[in-house]
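A single chain, nothing else alongside it, follows as structure tokens in the form predicted alone.
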Amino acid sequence: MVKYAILVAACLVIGGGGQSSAQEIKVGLTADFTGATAAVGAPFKLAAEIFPDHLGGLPVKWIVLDDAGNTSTTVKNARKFVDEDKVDIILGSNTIPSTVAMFGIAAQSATPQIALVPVDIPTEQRAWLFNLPQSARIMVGAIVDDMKSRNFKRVAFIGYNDGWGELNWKNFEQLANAGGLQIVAKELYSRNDTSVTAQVLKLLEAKPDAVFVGASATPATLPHLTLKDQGFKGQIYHTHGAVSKPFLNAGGKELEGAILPTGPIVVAASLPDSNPIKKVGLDFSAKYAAKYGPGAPNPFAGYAWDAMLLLEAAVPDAAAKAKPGTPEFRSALRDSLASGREVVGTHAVYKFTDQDRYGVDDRSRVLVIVKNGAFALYK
């Protein structure tokens, strides 16, 4: 009963005035607005609160639910979306286990799903799934390229002992080996650990030139601070999952010089005018600042905004073929998303096809460096 009460309290309906309409599009968004990974999921809700109330000329109802850091709650939310709300598309979630847990529901109900965290899409379920964020391979590739350009020879990894850590390790291992780098140590830790001194001492024994921390948000600072405490002078890299204000606040001045891959939105103002992402990024930044105050928007909020932009581009074609709320519209919406149309977002220029459900290229990444307590364009 308590969990049910929390779920109801966390439900947010945006747009559509709470009234149903035969022409109304319904979109279900679920993510962790509370719980251990709220630093990643809560910005999705912030973006949703400035979503437009029309897409492609049709009214839209945004049904926004909290996962509360619980995969079973994510599944419950997804079931509600398809069984009770009859949504036309599902957006979410912000962790790999929760996102993957919805794949079967999306496929069985023939409802498109846009994942807001990098995931591996099973071939047999690909028909209804789209992966919006940059793949770990694209982002880790930027780190390995920088390591190679600086003639680092010996590199090491420390990361989460879960799906996010494994995803980053797998790509780092493949790309570093292919690039001629020697991985001299690998260590793992839990998001809830309060010390990684033992793991860091093992890394330092291997004498790496650089260390890649395969973690995210605030817990990513633990290995970084420990490496500094133990006297490490080499380069430290982090994943794009660490690019956030809580990460900077938790690490303080010891993070100065850290290098991270991220989407162009984080440094939109520093991009050349010729970059099409600059205009979209600055437009979102202005809307975000008008609602929440000065400062660059959180990059995770940018993912949610980009999902909205993809829908805005896809809805007119789908609406020309069928009415929202029908299986035919969901199928037409899926086909429109996968039509090969380029859509400029805050993170990437997206281009999904039937063969490519990841839809981004190297234009979706930049490297930033922590400088004076903020993220600045590195390259």
Partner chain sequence: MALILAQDGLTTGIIYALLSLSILLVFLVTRILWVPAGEFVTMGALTMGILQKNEAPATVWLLAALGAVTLLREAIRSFRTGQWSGWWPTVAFCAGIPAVVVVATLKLAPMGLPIFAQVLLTLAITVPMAPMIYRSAFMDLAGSSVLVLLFVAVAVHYLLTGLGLVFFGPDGMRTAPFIPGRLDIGFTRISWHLLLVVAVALSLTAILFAFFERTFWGKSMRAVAVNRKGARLVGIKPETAGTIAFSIAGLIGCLSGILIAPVTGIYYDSGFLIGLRGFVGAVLGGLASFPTAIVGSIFVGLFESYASFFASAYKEAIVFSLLVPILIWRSVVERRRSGLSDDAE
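Residue numbers count along the first chain shown, from 1. Fair warning: this is a prediction, and the values are worked out from it, not measured in the lab. What we label the rigid core is the largest C-alpha set whose atoms superpose within 1.5 Å from one form to the other.
The protein also exists as the form predicted in complex with the partner chain; that form is not presented, and the subsequent description refers to it.
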What is the one choice in 275, 125, 174, 197 with a heavy atom within 4.5 Å of the partner chain in the predicted complex?
197
Proximity to the partner chain in the predicted complex, single hit among 144, 210, 267, 250 (heavy atom within 4.5 Å)
250
In the predicted complex, segment of 187 to 195, 235 to 243, 148 to 156, 72 to 80 with a heavy atom within 4.5 Å of the partner chain
187 to 195
With the partner left out here, check for me: in the predicted complex, does some heavy atom of residue 35 sit within 4.5 Å of the partner chain?
yes
Could you confirm whether residue 222 comes within 4.5 Å of the partner chain in the predicted complex, counting heavy atoms only?
yes
Whether residue 39 contacts the partner chain in the predicted complex should be assessed with a 4.5 Å heavy atom distance threshold; does it?
yes
Taking heavy atoms only, is residue 205 within 4.5 angstroms of the partner chain in the predicted complex?
yes
In the predicted complex, which residues of 42 to 67 put a heavy atom within 4.5 Å of the partner chain?
none
Threshold 2 Å Cα movement between this form and the one not shown for residue 253, core superposed
yes
Align on the rigid core first; then say whether the Cα of residue 84 has moved by at least 2 Å between this form and the one not shown.
no
